[in-house]
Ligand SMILES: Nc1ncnc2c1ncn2[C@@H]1O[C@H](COP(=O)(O)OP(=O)(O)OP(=O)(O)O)[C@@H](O)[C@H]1O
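Below, in structure tokens: the form predicted alone, a single chain.
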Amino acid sequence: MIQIYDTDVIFRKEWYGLKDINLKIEKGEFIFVTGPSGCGKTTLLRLMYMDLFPTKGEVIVAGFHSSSIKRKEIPLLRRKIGVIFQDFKLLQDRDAFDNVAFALQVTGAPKKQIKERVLKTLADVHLSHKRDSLPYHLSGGEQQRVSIARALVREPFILLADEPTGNVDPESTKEILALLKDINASGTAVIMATHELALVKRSPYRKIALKMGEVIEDTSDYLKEEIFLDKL
């Protein structure tokens, strides 16, 4: 589903955002991308939705190749990918319903379909009662759930979450993580960048750790070994 081969991202001479990245991400995985600020977590996610292109190497997402994708094809790729940001990026003059609906309106979806899908998605993130609320009337956790609903309403098969708990309180962090786990359980791959190691340690999912733009740990090999041993 996502393949990254021998990939470097160089922002300036000798300044590597990412270096020698080789990753394969399968359908339906839940992955934590960890590491300190500035280690390359956001850069890695930007490669996956082709907001950024490698200086060297190849990124393949859902059959689209970074080396050959046309500009007009990028929106087609992004319709398959939901993205959640730390700072929510909500439209401040639109209520929760309209913020989520916007993701479908830009694709030209019919009004009836938009209403049905937005209402269902708001229910899925437990915000039906806040559909008419403007962002400044919502808590940080509620704003992030609107952001999640906006990412989910187009029914993506990959959800990229860039520090989704970075601006919310501990209780909201638990709620958001539980919601992401439920989304993953429904079949959507979730790739979550975070520097909150306590979250990662309590979860059984694959972890990719970055340091200074390089992968220093990928637990996928350990997980495969455990599955093999369980079958013996």
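Only a predicted model underlies this, so the values are computations on that prediction, with no experimental measurement involved. Residue indices: 1-based, along the sequence shown.
The form predicted together with the ligand exists for this protein as well; it is not shown, and the discussion that follows is about that form.
Only one segment in the set 22-30, 35-43, 168-176, 64-72 has any non-hydrogen atom within 4.5 angstroms of the ligand in the model of the complex, and it is 35-43. Within 4.5 Å of the ligand in the model of the complex, a heavy atom is found for every one of 11, 17 and 163. Taking the partner from the other structure, the ligand in the model of the complex has no heavy atom within 4.5 Å of any heavy atom of residue 207.
In the model of the complex, the ligand lies within 4.5 angstroms of a heavy atom of only one residue of 179-198, namely 195.
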